[in-house]
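Coming up is one lone chain in structure tokens, specifically the form predicted on its own.
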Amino acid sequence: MSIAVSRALCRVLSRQTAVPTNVSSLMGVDGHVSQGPWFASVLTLKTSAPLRAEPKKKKKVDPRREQMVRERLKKKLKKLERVPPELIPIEDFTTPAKYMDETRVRGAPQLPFEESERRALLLKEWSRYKQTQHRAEMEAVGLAVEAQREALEELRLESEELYQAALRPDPLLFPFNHQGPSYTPPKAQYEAPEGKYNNITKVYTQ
């Protein structure tokens, strides 16, 4: 009913509005202005679809219930404070259980008889070679030590001063140069470098 009344009022008011002179070219044959959204008068009533929604009603909160919820949360927090914090395990220091299985043993491959005999003979030959090499080295060291002893005895018979000088260690025999840290204080405004990087920022020129 209200919608029909508002539409009738809109039609009456739209007919009473005056037509401007600069829109005479847009008039129809009967002298009425062609209906369009650009010629709606300010006095016309505008209607919109009825809104049937209602604001949501706030639920009534029971203060006793809210107080009980708060007390429960406080009790849970107290329980969490009593329990000591659990440390996060470092996975790199723990051995997985599947690697600790003693039944998981890899068996040695079965070699044929010819291959095993060849390896045994090769090992024996290598042992004999290393034994001969060791004996030759020890004999060479012994001969050098004996020659040094005889030379020192002959030198002592010639001169005691030269003998004592020969016994002193020679610092220039094995040259060694070492440069340690300096005792100068560090720079006050020194900024350590951040490392090498490649600047890939695009530069645009006009």
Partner chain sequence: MAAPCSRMANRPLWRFITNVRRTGLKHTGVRQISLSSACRAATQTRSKTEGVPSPWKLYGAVCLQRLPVISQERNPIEDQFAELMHQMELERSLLSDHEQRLLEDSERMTRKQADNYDSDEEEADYGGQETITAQDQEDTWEQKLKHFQPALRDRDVGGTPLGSVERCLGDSLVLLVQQTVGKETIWLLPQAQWEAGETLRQTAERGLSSLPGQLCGEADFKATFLGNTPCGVYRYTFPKEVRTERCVGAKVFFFKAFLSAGSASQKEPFLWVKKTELQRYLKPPYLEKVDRFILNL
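Residue numbers count along the first chain shown, from 1. Remember, predicted model here, so these are calculated numbers, not experimental data.
Not pictured, yet referred to below: the form predicted in complex with the partner chain.
Student: Does the partner chain come within 4.5 Å of any heavy atom of Y99 in the model of the complex?
Tutor: Within the cut-off, so yes.
Student: Looking in the model of the complex, any heavy atom of L77 within 4.5 Å of the partner chain?
Tutor: Judged by the heavy-atom cut-off of 4.5 Å, L77 is well away from the partner chain in the model of the complex.
Student: Would P169 show up as a contact with the partner chain in the model of the complex if we use heavy atoms at 4.5 Å?
Tutor: Answer yes; at least one heavy atom of P169 falls within 4.5 Å of the partner chain in the model of the complex.
Student: Just to confirm, P186 within 4.5 Å of the partner chain in the model of the complex by heavy atoms?
Tutor: P186: contacts the partner chain in the model of the complex.
Student: Within 126-158, which residues have a heavy atom closer than or equal to 4.5 Å from the partner chain in the model of the complex?
Tutor: Residues within 4.5 Å: W126, Y129, Q133, E137, A140, V141, L143, A144, E146, A147, Q148, E150, A151, L152, E154, L155, R156, L157, E158.
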